[in-house]
Ligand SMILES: Cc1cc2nc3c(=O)[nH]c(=O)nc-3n(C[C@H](O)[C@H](O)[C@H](O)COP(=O)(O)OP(=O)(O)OC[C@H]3O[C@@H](n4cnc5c(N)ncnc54)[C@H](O)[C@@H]3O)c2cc1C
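Take a look at this single chain, the form predicted alone, given in structure tokens.
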Amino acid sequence: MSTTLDPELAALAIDALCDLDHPVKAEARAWAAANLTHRDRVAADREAHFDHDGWQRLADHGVLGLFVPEADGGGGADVITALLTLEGLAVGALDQGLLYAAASQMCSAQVALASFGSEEHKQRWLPALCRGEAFGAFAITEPDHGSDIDHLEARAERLPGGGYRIDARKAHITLAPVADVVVLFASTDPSARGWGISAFVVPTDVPGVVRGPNRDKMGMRTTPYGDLTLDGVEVPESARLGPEGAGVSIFLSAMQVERAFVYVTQIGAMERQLEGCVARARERRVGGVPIGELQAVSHRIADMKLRHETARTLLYKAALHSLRRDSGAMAAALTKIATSEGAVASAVAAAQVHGANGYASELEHEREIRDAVGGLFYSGTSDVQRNIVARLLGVSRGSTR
């Protein structure tokens, strides 16, 4: 059920959508350019170096707490302001791995804790996560079943004296190698399949939790990423997030936020690439003529603009659904498809506009292609998103998860 939208927030959303140089976004862009560009990014990518200093700068600047209420230790920003900030950061900074890691924690683990956590969960973890004193991961994906919540192998068995014993193997988890706390999903009633899934807040320093090493990957190499193993981990009843069996609702709620908003950083990257291509098309001359006069080049850049505007429009439409507190599942799925697929196409186009320079690692265009490819898989593949769209249109009975 929708609610009446606050007129000031509605006006802010319209301003954000129509003004590509919105002051909030422009300020964030300038701050990122001055504070998040200190390291050799080619070397950082090659070494899979996570920028701890940059992470702390984000925390100190209030970025990590944007989505968290002030009462829980965050900044309490509205969703439009938060998205404008992240968008601007992504235009100004070139380390998409750092920004994706931040957006991932903000849109998954922190959202789940703020929305469903007990007062104990919130007080213990949210202020520390917002201040950069702890890292939080969101662990549902498993080696054999991906994020199919109907077939999770992770088990949480009740102990005779109270609490649970958790056995789980989670794979491809953002921030897993550095996580201090994990929101983890495991079955408390395997016979109920997805509706028997429960969520748990598990510190990674308890006996039996093993954080795997950082896994090598194609792109987003500066984002810590790996596996988590829980072998007979015993947690108290208070570790459960919400009631037993509520895991599917918690997962879907957090995942809808992640799908809608985590790729705002890719939208910022698409804008930066577009600006670079426009400058290149004006400056680079072939036969005495700027290459922008060549229709093949100008149309390629026009398509980049179309993809950027489409993704951005869907992003802020999803934000309006969030503000109205009504169902935004369709908007989230469409945003995820348009942004992730558009980011890959635009990154490839940017490399093509720059010719041989686009293929050289030191100029970073090829890295941006590799970074963009990850968006096709994180937070549910494009195929999963199309299943959601088809089901919501009433043409398929496929899963919306």
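Keep in mind it's a predicted model, so treat the numbers as computed, not measured. All residue numbers refer to positions in the sequence shown, first residue = 1.
This next part talks about the form predicted together with this ligand, which is not shown.
Although this ligand is absent from this view, report whether residue 147 comes within 4.5 Å of it in the model of the complex, heavy atoms only.
Residue 147: yes, in contact with this ligand in the model of the complex.
Does this ligand get within 4.5 angstroms of any non-hydrogen atom of residue 374 in the model of the complex?
Yes, residue 374 is a contact residue.
With a cut-off of 4.5 Å between heavy atoms, is residue 21 one of the residues that contacts this ligand in the model of the complex?
No - in the model of the complex, heavy atoms of residue 21 and this ligand never come within 4.5 Å of each other.
Wondering, does residue 81 line up within 4.5 Å of this ligand in the model of the complex on heavy atoms?
Contact with this ligand, no.
Only one of these stretches, 170 to 178, 235 to 243, 118 to 126, 292 to 300, has heavy atoms within 4.5 Å of this ligand in the model of the complex; which one is it?
Single hit among the candidates: 170 to 178.
Name the single residue among 323, 140, 102, 248 that comes within 4.5 Å of this ligand in the model of the complex, judging by heavy atoms.
Going through each option in turn, the one that passes is 140.
Is it the case in the model of the complex that 9, 13 and 310 each bring at least one heavy atom within 4.5 Å of this ligand?
Spot residues vs this ligand: no contact at all.
With the partner left out here, which residues of 217 to 238 have a non-hydrogen atom within 4.5 Å of this ligand in the model of the complex?
Result: 220, 225.
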